[in-house]
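We begin with a single chain expressed as structure tokens, specifically the form predicted on its own.
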């Protein structure tokens, strides 16, 4: 067994295996889909389930308030003690002391691939599969083929992720993406990359744990060093090299419809969003604050900023980042999914354009209008100028 997927799942590429899961994540946005099927039935291990309220956070309608109330009742009934409300986005919270290297983590959400940044195999499941996992504590897989992704150049997680999407497209469908980092990307950037790997259709996306992993996990008192294999080109049938030399932008209406920023500069924007499970980490907020120091948001632009978790928010407060953003005219939203899925706090109308650090730009994703995806620096510059702006070419430099 050579790849991480083979090692963790306990089988060879192409084999069908049954594997016990180490943890399950559910959240308020999708959990109501499973309640009826689990009524009057015990789940296999309440201690291995994490429940998060982050989509309807706080609820914006009576119906959504009902979803949250139902989730509270469900976790009490099933004995789930790790229930977290209004503390941040589910995937961020799973990577703040819950998911561990070598584990198999099932999430009731497609972006569960993000847990691979800390060396776990995170996989998103639909409602029916999640019900069976909650009842049995295990599920089946066909051990996926692995694509080795070599990150050779690039110091921004969003740009590396967009380059990956441009090269792979949806060619990662039911495959594992195994990232090998020649750059030394910090954990914030790795989290962005494994999160956005979901847009390739990947089953898993994982960085082999290294000193960066152990240093990050030590922040949460996790001493969980695991021996993980390091892939080599000789048994990965497909190898993708990533070298990023300029900012990239995903243009409507596909995340992998990626162009150099030079191709889209000057496009008028009405809203800018820095946040989502793909971003909103302290590194992103630092990048935005460095742009907005002594500058003001354009009067025709709404700049919305959502820290990915309360932990990130506290760090930003301590560093003075929040003060900088507010002075510049940004609106700080509570840690949550916020505008990304078009639920509340930033829904657009037709004819408007948003540039954002999130992971999806499908039609209707943020209500109406068009969505462009870029890194936090580009987003902050665009908020100042009122048009998509390339770093180094803005009016303030």
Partner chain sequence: MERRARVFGHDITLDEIHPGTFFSLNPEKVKIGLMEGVRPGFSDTIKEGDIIVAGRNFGMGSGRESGAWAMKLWGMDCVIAEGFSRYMFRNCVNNGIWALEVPGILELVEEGDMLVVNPEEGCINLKSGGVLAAGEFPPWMVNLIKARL
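Numbering follows the first chain given and starts at 1. The structure presented is a predicted model; accordingly, all values stated were derived computationally and were not measured.
The form predicted together with its partner chain is left out here; the points below concern that form.
The stretch in contact with its partner chain in the predicted complex, judged by heavy atoms within 4.5 Å, is 252-260, chosen from 73-81, 252-260, 209-217, 94-102. In terms of contact with its partner chain in the predicted complex, the residue from 329, 46, 369, 32 that brings a heavy atom within 4.5 Å is 32.
Interface residue remark: residue 203 is counted as part of the site for its partner chain in the predicted complex, having a heavy atom within 4.5 Å.
At least one heavy atom of residue 126 is located within 4.5 Å of its partner chain in the predicted complex. For residue 159, no non-hydrogen atom is located within 4.5 Å of its partner chain in the predicted complex, even though that partner is not displayed.
Not displayed here, its partner chain is kept clear of residue 42 by more than 4.5 Å at the level of heavy atoms in the predicted complex. Shown without its partner, the chain has 170, 173, 174 in segment 161-175 as residues with a non-hydrogen atom within 4.5 angstroms of its partner chain in the predicted complex.
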